[in-house]
Each structure stands twice: as structure tokens, then as C-alpha cells.
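This document starts with one chain, in the form predicted alone, laid out as C-alpha cells.
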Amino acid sequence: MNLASRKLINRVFTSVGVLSILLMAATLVVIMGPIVERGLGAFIFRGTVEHRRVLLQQFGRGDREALEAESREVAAARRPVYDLLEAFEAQLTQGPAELRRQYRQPLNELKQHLQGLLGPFPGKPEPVLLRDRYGETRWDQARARCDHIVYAEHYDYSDPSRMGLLVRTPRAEQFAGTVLEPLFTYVPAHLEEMLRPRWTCYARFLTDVSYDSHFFGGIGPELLGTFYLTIGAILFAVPLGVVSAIYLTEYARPGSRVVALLRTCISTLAGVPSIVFGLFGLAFFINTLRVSPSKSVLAGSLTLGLLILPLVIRAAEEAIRSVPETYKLAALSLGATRWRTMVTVLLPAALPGILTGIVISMGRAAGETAPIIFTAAVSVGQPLALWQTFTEPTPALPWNIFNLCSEHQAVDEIRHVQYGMVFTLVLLVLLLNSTAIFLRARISRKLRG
């Protein structure tokens, strides 16, 4: 091959490599952009007076006197809305029955949206559900709710050849000629006066307990449960994985059929779907060994430990093999035993690679959902004390992300919580991977002196 051909091939491979990097970067931007943008919305947003009421009444945080003064001003701004409703209901009561039937459903829909925006009407009994005791706590949701007040939505199925078409009509047309008609211009014009939005940094989203299925509060139990499961899995997998790697590299007889079988089993376990580990953990740890009465952090940690065990073994084995053979020979020539050589020479030299594999395994354990569905995770719960992890299940970020996105009855109203959980989990995994890189570089510098 002549020099010109080599240069051409090098340029082609360089171009392909650069293009691949650019495509990967673009893909990350497309995927991570919405996660970062909407995930930050769980921490930084325009909170309404309803949000400040929640913080004061449910969490005991805030200035009570300032909130009471603000509430009086807000009540004055909302008073015309309630007066218009009362006047319209009095008009219906005095009117014919046909008029009451005509406006029954539109009025109920309107009152439902107004209660969702502003909270319970004055003088009404306190609702049972916590979510019904407050209006919209976030300004973006309040504006969306205001839009539902101004416009009525229905689907047009007149054309059978296509799906239903969403049609939006002004509600003012439904109540034209009534005393309620001015309400539909008053609410959008005085929305800020009725809710008082203010920029809020809700850093305690990471530590607060959730109330009413994540309508209020934060993700403290989920984050703590993820830490419990991850640390438990590492405590189980690391000793077994490192000892197994030591045996395979230093003590196992080369070419042995048993060793070959063990390596095949390790490779097979590394490729087993995670849902299989979850079913195995349920059948073995809970139903057979009975490590806990039912789901528990302990059972979930053992299951996750089995999941990441092949990764720890592979990482430790490769790290030990990468240590120069001269280190081992020098120690043995000075009279050290094989075990002492391993503990005092080979393992310290292989420590950067072992730690890297451990921390990356922690990232995988933190993000797994299927293994903990059957063994450890619940949808809602309180933060667990350390001694409760042996018998009690826990919320966890991966499972709660799936649960909120697929099973929550008000999925659109808590979308910021879902993105906040995803953003937190991504940051957690990135932090673990960054820690692995930092530890590897630092320990390598120390070993080089």
C-alpha cells in the first residue's frame, strides 16, 4: 500500500470518528436537554401563594405574618369571582327548571376548574384529600388551569375517517347574557393578583417527604431508598467479587475445566435480563431463605448485589491482570507468600481499576428498576431508619419514576416531579462515574509517586 492510500484511509477513519462523536453529542443534547430543562423546573419555578401555604402548613417553613397579610390581599382579589358565582347560582335558583338543567354541567365544570385554580370556595367544608385543599402551587400550571377556565374543550367525531378533533370554544359563549359572563375576562386579567407568583428555589425537593402521592413535597424517601439499595448491593457484591477475581487470577489452575465453567457462568450472568434477577430474588431471598417477611431493602440489596457481581468480578480480574508481572516476582523473590504478595503488592497496584469497576457498578445498581419491583420497592413511603432496612420496603427513584409515569391518576399535574426524579437520578449516576474517574486518576498519581 502506497503512502497516498494510507493517508486517504487515515483521513476517512478520522472523519468517521469525528462524525460519530458529533452524532453522539447531538444525541445527548436532544435526550438530555428536556431532562435538564424540565428537571430544573422541580427546583426553580414561580411558586404561587398556594405553594407558600403548603410549605407553612405542612412543613412549618415560612413567615406566618407575611403569609397572612398576603392571603388577605389575595382574598380581596378573588372576592369578585365568588360574588359572580353566587349571583349566577341565585339567578338559576329563581329561574325556571329548564334553565338549571341547561347550565348544570357547564357550571359544575367551571367550578371544578376554579377550585383547582384557587382552592376550596370560602365557607365550604374542608376537603378530605390534601390536593383539594389548595389551589395551583406553580405558576405554569395555574396558567394552564386558567386556559381551561376560559376555553371549553371537546372532541369532534363527526368524520369517521379520522380520529377525534379537539375543538376549543370560549366558555363566555356558554354563559353569554348571564351575570357570569364578566368572570371569563376577570380571571385572566387578575390572575397574578389572585395567586401572587414569585420565583422560588425549592432545594428541599431532594429531602422533603411527599404528601398526597407526590402532589406536594419532595423525593427525600426515594433518594434515601436508592442510596440504601446501592450501598447494600456494593457491600454484598464487592467482597465476593474481589475474592472471586483473586481466585481466578492467582489460585485457579490454568486450563481447568472447572475454571472454564466458572468463567462461562460469570459471562452468562452478566447477560441475564435484570427482570430475571428480580424474580430470582423474590423466589430465593424472600420465599426460600426468608431474609425478610416480605419486600425489604435487604432483599433488594442482595438481588442488586447478584446483578452487579459479574461486573465487579470482571473489573477486579482485569485490574489485577494489568499489574506488571515484575511486581509479583519481586515480592516472591523477597520471601513473601502468595497471599501476602496479593494483599500488599498486587491489590494496591490494581486498586484504581477495582475502584472504577465498583463505582460504575454502583451507577448501574442505582438505576435498575426490574430487580427491585419484586423485592424492595413501594410506590409511597416514609424515610427508613437504618435498622428498618432489614424488614421494610422503601421507595426508590427508578421504580417511582416508572410508577408516576405509568400508573399515577394525575400524571400531567405532577410532570415536574417525574422530570425532577429523572434529573436527580441522572445526576447521581454522573456523579458516581465522575467519582470513579477522579479516584482512578488520584490513586494512579499516588502509586507513580
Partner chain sequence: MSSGLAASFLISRSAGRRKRLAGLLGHAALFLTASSSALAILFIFYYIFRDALPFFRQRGLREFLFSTAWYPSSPEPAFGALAIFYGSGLVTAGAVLFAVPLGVSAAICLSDTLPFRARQMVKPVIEILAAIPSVAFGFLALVVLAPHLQQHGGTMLAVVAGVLGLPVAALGTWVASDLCTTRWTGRTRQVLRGVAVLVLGAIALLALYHGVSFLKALQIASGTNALNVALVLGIMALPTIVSVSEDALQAVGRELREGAYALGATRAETMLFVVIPAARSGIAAAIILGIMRAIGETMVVWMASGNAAQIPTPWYNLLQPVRTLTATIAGDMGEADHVTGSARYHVLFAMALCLVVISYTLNLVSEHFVRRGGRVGRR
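Positions refer to the first chain, counted from 1. Computed from a predicted model, the values in this text were never measured in an experiment. By rigid core we mean the largest C-alpha set that fits within 1.5 Å across both forms.
From this point on, the text means the form predicted together with its partner chain, which you will not see here.
Although the partner is absent here, F374 lies within 4.5 Å of its partner chain in the predicted complex, judged by heavy atoms. Contact annotation: A283 falls within 4.5 Å of its partner chain in the predicted complex, judged by heavy atom distances. Its partner chain is not shown here, and in the predicted complex it never comes within 4.5 Å of any heavy atom of T185. Within 4.5 Å of any heavy atom of its partner chain in the predicted complex lies no heavy atom of G60. Looking at its partner chain in the predicted complex, residues L99, H113 and Q382 place no heavy atom within 4.5 Å of it. The chain is drawn here without its partner chain; in the predicted complex, the stretch among 85 to 93, 105 to 113, 247 to 255, 175 to 183 whose residues come within 4.5 Å of it by any heavy atom is 247 to 255. Contact annotation: of the candidates V272, C201, A76, L129, the single residue with a non-hydrogen atom within 4.5 angstroms of its partner chain in the predicted complex is V272. For the options R263, H148, R321, H190, the one in contact with its partner chain in the predicted complex, meaning a heavy atom within 4.5 Å, is R263. Taking its partner chain as positioned in the predicted complex, the residues of 361 to 380 that bring a heavy atom within 4.5 Å of it are, in sequence order, G367, T369, A370, I373, F374. After superposing the rigid core, the Cα of T27 is displaced by 2 Å or more between the shown form and the other one.
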